[in-house]
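First, one chain by itself: the form predicted alone, in structure tokens.
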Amino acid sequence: MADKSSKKTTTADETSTAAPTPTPAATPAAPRPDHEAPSGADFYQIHSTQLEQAFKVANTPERVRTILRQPKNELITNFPVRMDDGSYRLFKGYRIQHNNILGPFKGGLRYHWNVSLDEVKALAAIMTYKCALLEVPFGGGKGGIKVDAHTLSRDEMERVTRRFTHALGNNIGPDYDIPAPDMGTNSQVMNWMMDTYINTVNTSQKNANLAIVTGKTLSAGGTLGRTKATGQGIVYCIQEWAAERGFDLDGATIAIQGFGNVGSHSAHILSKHGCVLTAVNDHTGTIINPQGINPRKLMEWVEKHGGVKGYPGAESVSRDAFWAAEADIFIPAALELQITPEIARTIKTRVIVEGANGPSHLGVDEILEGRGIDMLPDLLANAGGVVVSYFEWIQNKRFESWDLEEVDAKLLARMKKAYQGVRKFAAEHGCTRRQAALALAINRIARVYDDRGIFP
């Protein structure tokens, strides 16, 4: 374990609460990762296996298993976009709507060169269970466009977004399917999506349709606390874990994979609790500084340079050195399937907190448990984003505006309740926390099917 005798190094700007949101294509084109992204088919298969394991733990009726094994709708659209040079390019977009028994479909929109049907199917299903676990009245959805967003200019990003929104048409809506930001997208993309949608509906309904997306800028109907929501939820989970284990966060070391919205805000908020960021890996490279990396300065560097590579406040090392580094808390906040069984057997940490969706391979949880390393699974740990998206949706529906303290307090209450529920279920059933989180979510969905039945 990392030596906690070297206490807090104050590296963050204590007066700031959120990282600047990068404008699409405002940074130089980022290089491709130094490692291959996993295939969507692998990710979907692993999710399906984890789901079957949870079905057994939850003793789920076969009729409910049948429904949940496949998404309700799979939408694929190919749409043309005029590029800056006057040429036309065809893009492939996806929107998967997994289940809406608890409420409207809800889920992010991802712009990434590795987006595939199977990947988005898995992510949409995860959203279904995440909402159920946190008792958010939404179902699960996910969307994506197969594109390297770093290669698009701002104008091209806007045209791609508006064309995709128009192509989806009535397949999205504030009471039916509500997109949000994800990898490669941000609040500006959501603004364009919202503006395109409300300009295709009846004029008298425009203001009522602000809730078509969440994650918007404040001026366009967003909510305070949304930008940092996923990172804030991760920190609330870490605080619950620390209280459970009697662990002092002051002076604790953290390592983060991925320094986008989730990773950067997690680091920044944790620094206010005395934690020291010592290692970061992203698609451009790996940096390490045992004395501490300033999260705010690294945010600014990433915004300007497109990644952590070359950051002057730390040493550049290999990706393998990242996983070999000692840290009290590891937060994978990048792509799925990054933690292999081999990494699980060698990683030196006290807890892994999944900021990304599905970052762990099969068998990882059991290996970590055998080594006395805790795992806080994605379904629980990164749910802060969808919870605060729900708060934004409510505010848009009611034409209200909540202050940050109210948003954070409501988020804390939900994260604490979910954390304790997962902890209790895992202890009572002798299962992993991932299985517990999935089983709790499945049970809540199954009860609704029991009460409502299937029409006709």
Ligand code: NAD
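Predicted model only: the values in this text are computed from it and were never measured. Note that residue numbering begins at 1 and tracks the sequence as displayed.
Although it is not shown, the form predicted together with the named molecule is what the next lines describe.
For the options Gln232, Asn281, Thr128, Thr214, the one in contact with the named molecule in the predicted bound form, meaning a heavy atom within 4.5 Å, is Asn281. Interface residue among Phe138, Phe330, Phe164, Phe259, judged by heavy atoms within 4.5 Å of the named molecule in the predicted bound form: Phe259. For the three residues Pro104, Gly143 and Arg447, a heavy atom within 4.5 Å of the named molecule turns up in the predicted bound form in no case. None of 204 to 212, 240 to 248, 93 to 101, 182 to 190 except one has non-hydrogen atoms within 4.5 angstroms of the named molecule in the predicted bound form; the exception is 182 to 190. Heavy atoms of Arg319 reach within 4.5 Å of the named molecule in the predicted bound form, making it an interface residue. Contact check for Leu335: a non-hydrogen atom falls within 4.5 Å of the named molecule in the predicted bound form. Contact check for Gly355: a heavy atom falls within 4.5 Å of the named molecule in the predicted bound form.
Shown alone here, Lys272 lies farther than 4.5 Å from the named molecule in the predicted bound form, counting heavy atoms only.
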